[in-house]
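Take a look at this single chain, the form predicted alone, given in structure tokens.
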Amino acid sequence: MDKFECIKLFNQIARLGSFTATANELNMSQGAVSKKIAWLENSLGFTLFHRTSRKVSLTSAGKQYLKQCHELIEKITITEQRLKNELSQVVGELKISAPSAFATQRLAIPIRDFINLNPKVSINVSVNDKQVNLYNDDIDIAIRASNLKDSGLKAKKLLDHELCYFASPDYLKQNGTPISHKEIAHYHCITYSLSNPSNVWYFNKEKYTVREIFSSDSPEMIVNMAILGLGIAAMPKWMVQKHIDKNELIEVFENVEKHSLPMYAVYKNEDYLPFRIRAFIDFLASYFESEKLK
């Protein structure tokens, strides 16, 4: 027996004051109604109705139980309506985890535009360069720049990152500008500690072990150390283009095939995905596709 269905049936009988009237209203047999209420009473361990040949009335325990049933049915109905609304409209809260530099430099504008289009949604962004667990950390969408492993999650590709190799004018003046990527072993390198391994860079699809003079899990720190002349670093070009334009950094190995990483929106593999999550992922994918065409 479905206990909740029996509870709703109990509520109906209490309202109509009759097993027969309830059976007629629900197009059930009186025997089926009686059987369900008997099962519910047996499950509860107390009697809900006084039964006579003419009418039924609530027992003292039945009256107390009916009050709780009213509250239960109301709460479940409200919850069902809210969830159905969230599954069909862009409403509610979105919890997003994103890498620090990407969050501030690439994600802020599309988030603003999405909120302006959908004023009933609120967005909470957790800035974290390490991979979070979407289930343990209660995250709806994680933005990740990597080749994804099979994790049981779903993902939608947003864009590709092409790495840019760069150093300050002072560092290159003092140490010379490398002509070929094969010379990288002779230079100090600033690396991203969350890469595995951090001291391996790829050129023309071949890997090279570099002299790791400084490492950090902060992209902003890496860029700043390069500007200060510590060595050669590698980051997505969009992250350093403004510094290149100001001549604070100079791109090296421009003609070498760069290592590229895809950026994904990762989300839970669930049967009922709230519409706000799907809508935001599709919006991001469309936004970055249009950016690519500019």
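Residue positions are given as counts along the sequence shown, with the first one as 1. Not measured: the values here are computed from a predicted model.
Heads up, the form predicted in complex with a further copy of the same chain isn't pictured, but that's what we're talking about next.
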Check: Which of 38-46, 225-233, 238-246, 253-261 has heavy atoms within 4.5 Å of a further copy of the same chain in the predicted complex?
Finding: 38-46
Margin query: So, a 4.5 angstroms cut-off on heavy atom distances: do all three of 50, 84 and 136 pass it with respect to a further copy of the same chain in the predicted complex?
Written below: yes
Next item on the list: Report whether the minimum heavy atom distance between residue 61 and a further copy of the same chain in the predicted complex is within 4.5 Å.
Entry: yes
Next item on the list: Spell out, yes or no, whether the shortest heavy atom distance between residue 75 and a further copy of the same chain in the predicted complex is within 4.5 Å.
Entry: yes
Check: Looking in the predicted complex, any heavy atom of residue 289 within 4.5 Å of a further copy of the same chain?
Finding: no
Check: Can residue 68 be called a contact residue for a further copy of the same chain in the predicted complex at 4.5 Å between heavy atoms?
Finding: yes
Check: Heavy atom within 4.5 Å of a further copy of the same chain in the predicted complex: which of 218, 204, 199, 79?
Finding: 79
Margin query: Just to make sure I understand: among 1-17, which residues lie within 4.5 Å of a further copy of the same chain in the predicted complex, judging by heavy atoms?
Written below: 1, 2, 3, 4, 7
